[in-house]
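What follows is a single chain, given as structure tokens, in the form predicted alone.
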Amino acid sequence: MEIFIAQLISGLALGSIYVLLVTGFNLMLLVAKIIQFAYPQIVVVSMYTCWWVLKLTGNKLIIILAGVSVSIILSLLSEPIFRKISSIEGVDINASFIASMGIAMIMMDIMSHSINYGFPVAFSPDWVGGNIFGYGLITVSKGQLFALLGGIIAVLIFFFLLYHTNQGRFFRAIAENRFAACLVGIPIIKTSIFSYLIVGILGGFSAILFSMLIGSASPWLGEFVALKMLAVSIVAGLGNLQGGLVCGLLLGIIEAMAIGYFSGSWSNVIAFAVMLIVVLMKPGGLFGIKI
């Protein structure tokens, strides 16, 4: 029982970060009409930024601001690229996927050749923190606590923005019908740019929580996370924000349970086996496609 509870806590912490990543990915899919496969790479670059600022200053507030700022800047810089291949009906999904893959490969190449000689970086124990609670096999680390609570708070703020503000109504209107939203006077480009800003904030926050949870970063981490993000989105249903929330947490729990109860690297096998079964039985995802 203790092993189950310990792995459940670990899974919820990891799943909370998956939820943030999938939320940002789905927002891009709904509003900007793009498959932003480079989004996890932006998160990893932000993690590297946090590591670099941590070495230079050690000031946690500056580290947080730097990580979020870099994520916002990179997200906004990609907006003109996707706007070039867009129309009033939206962006060509296939073209956006190819463009985002190119952006992801460029960022991964820079990280693997120009930062720390391509080797993974490790965050200091002061940033990661130790265990703050322990009972038998059950432990709760500072990283797990911040990932869980931070993920919940960030998602609640996002859904409040989405359903209780004018900007959120603009998002939902564009997601429903981009052409009709334009006809009633909703500023499509301005709203799209704002969505990139929100996604940048979510990405920076994810980078901070992820660095505290796993305590390291590598050039290949983004590719690994991108596959998990895509798996969650497909299982939930592309563009389904509520479904992504549930499936993100479930994937984190499934991975943690696989690590706790099965020897070897079975977590990825189980995660993608679940995705395959869902796709075969329900191609639209468990909660339905929203695009």
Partner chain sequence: MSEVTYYFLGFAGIYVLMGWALYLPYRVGQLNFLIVACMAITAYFGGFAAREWGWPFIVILIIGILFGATIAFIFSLAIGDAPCFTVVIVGLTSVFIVKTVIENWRTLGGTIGFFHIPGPNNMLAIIYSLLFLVGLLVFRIDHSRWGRAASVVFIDRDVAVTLGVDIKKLGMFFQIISCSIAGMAGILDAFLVKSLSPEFFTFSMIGYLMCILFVGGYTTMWGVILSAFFLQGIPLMFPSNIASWRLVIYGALLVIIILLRPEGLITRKMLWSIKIKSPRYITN
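Residue numbers count along the first chain shown, from 1. Just so it is clear, the structure is predicted and the values come from calculations on it, not from any experiment.
Omitted from view is the form predicted in complex with the partner chain, to which the following refers.
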Give me the residue from 105, 77, 161, 152 that has a heavy atom within 4.5 Å of the partner chain in the predicted bound form. 105
64, 73 and 288 each touching the partner chain in the predicted bound form (heavy atom, 4.5 Å): no
Any of the heavy atoms of residue 95 lying within 4.5 Å of the partner chain in the predicted bound form? yes
Looking at the partner-bound form in the predicted bound form, is residue 52 within 4.5 Å of the partner chain by any heavy atom? no
Residue 249 near the partner chain in the predicted bound form, any heavy atom under 4.5 Å? no
Residue 209: touches the partner chain in the predicted bound form, heavy atom cutoff 4.5 angstroms: no
With the partner left out here, which residues of 99-119 have a non-hydrogen atom within 4.5 Å of the partner chain in the predicted bound form? 99, 101, 102, 103, 105, 106, 109, 110, 113, 114
